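What follows is one chain in structure tokens, specifically the form predicted alone.
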Amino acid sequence: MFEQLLEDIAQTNALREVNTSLKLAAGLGALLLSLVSTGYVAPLFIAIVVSGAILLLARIDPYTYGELFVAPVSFALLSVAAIVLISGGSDALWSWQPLPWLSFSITIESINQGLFIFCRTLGGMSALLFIALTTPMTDLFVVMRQCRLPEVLVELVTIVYRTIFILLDQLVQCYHAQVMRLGYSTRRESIRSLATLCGVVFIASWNAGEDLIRARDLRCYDGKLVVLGAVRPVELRPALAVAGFLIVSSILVVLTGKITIISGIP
């Protein structure tokens, strides 16, 4: 997503002015509850509520949100298929043993386990995307300093974050220039263009590092990087909404841990 980075979406979403700590509490709380849940109801509830907040409250484009979900959902489906086939269980619905040492079976227990893991994946990914799509990194740097994290760690994260955008900019510019010159018209030209692209990005990252050092020396850098960011007040309605969401999710985690999607065969 070169043309539309996650940072651009986070800077322009409708929840941009909400307190950063509240958004982190909602996202990290939902992620933690999805991990500790022992049933599928709580993660599925979290995925639905958080996705609704992303689409309706933050007003993120549904196509963009769905595009971000393609890779994790595809990986989750493959994992679920493998779990359903090899987990085993007592109530076998289908079985096949192609080799003496290899057997596949589908049981009620394996289906429940696979669907539970899939729902947990949906809940966790929704929570992570909520943070990524609604909270810019500049706001996260401010929260890091408020949490008294080591200055060296915050500065290192800031430098890495800045370098990523420099590399992406050089990568996009070089790639577009190669495409306009038919650099990927044949397989041989594609390999040659790819090698040139890697070299250009490496040189650009090296030069960017040297420019950063010179710029800091000119500004009398004393070992502490100043990060600009606004500290927004905690408003009552968002705080109540986050608290209510986490409380309801916690109750579901406790009460629905033993609920299964498919019951056993009588």
Partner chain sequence: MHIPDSFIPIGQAAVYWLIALVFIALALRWVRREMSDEKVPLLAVLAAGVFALQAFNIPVTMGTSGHLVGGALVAIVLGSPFAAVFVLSLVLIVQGVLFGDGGLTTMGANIVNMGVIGGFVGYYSYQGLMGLTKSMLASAAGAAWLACFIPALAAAVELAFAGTFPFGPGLVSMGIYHALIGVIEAGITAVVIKLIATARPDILDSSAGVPA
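If you're wondering where the values come from, they're calculated on a predicted model, not measured in any experiment. Residue numbers count along the first chain shown, from 1. In this text, rigid core is short for the largest set of C-alphas that superpose within 1.5 Å between two forms.
Although it is not shown, the form predicted in complex with its partner chain is what the next lines describe.
Though the partner is left out of this view, residue 177 does not reach within 4.5 Å of its partner chain in the model of the complex, counting heavy atoms only. At a distance threshold of 4.5 angstroms between non-hydrogen atoms, residue 200 is in contact with its partner chain in the model of the complex.
When its partner chain is considered in the model of the complex, residue 110 lies well away from it, no heavy atom lying within 4.5 Å.
Although the partner is absent here, residue 105 sits far enough away that none of its heavy atoms falls within 4.5 Å of its partner chain in the model of the complex. Proximity of 22, 54 and 63 to its partner chain in the model of the complex is absent: no residue of the three has a non-hydrogen atom within 4.5 angstroms. Contact annotation for 158-174: residues with any non-hydrogen atom within 4.5 angstroms of its partner chain in the model of the complex are 159, 160, 161, 163, 164, 165, 167, 168, 171, listed in sequence order. Once you line up the core between this form and the one not shown, the Cα of residue 41 stays within less than 2 Å of where it was. Relative to the superposed core, residue 121 undergoes a C-alpha shift smaller than 2 Å between this form and the one not shown. The Cα position of residue 192 differs by 2 Å or more between this form and the one not shown after fitting on the rigid core.
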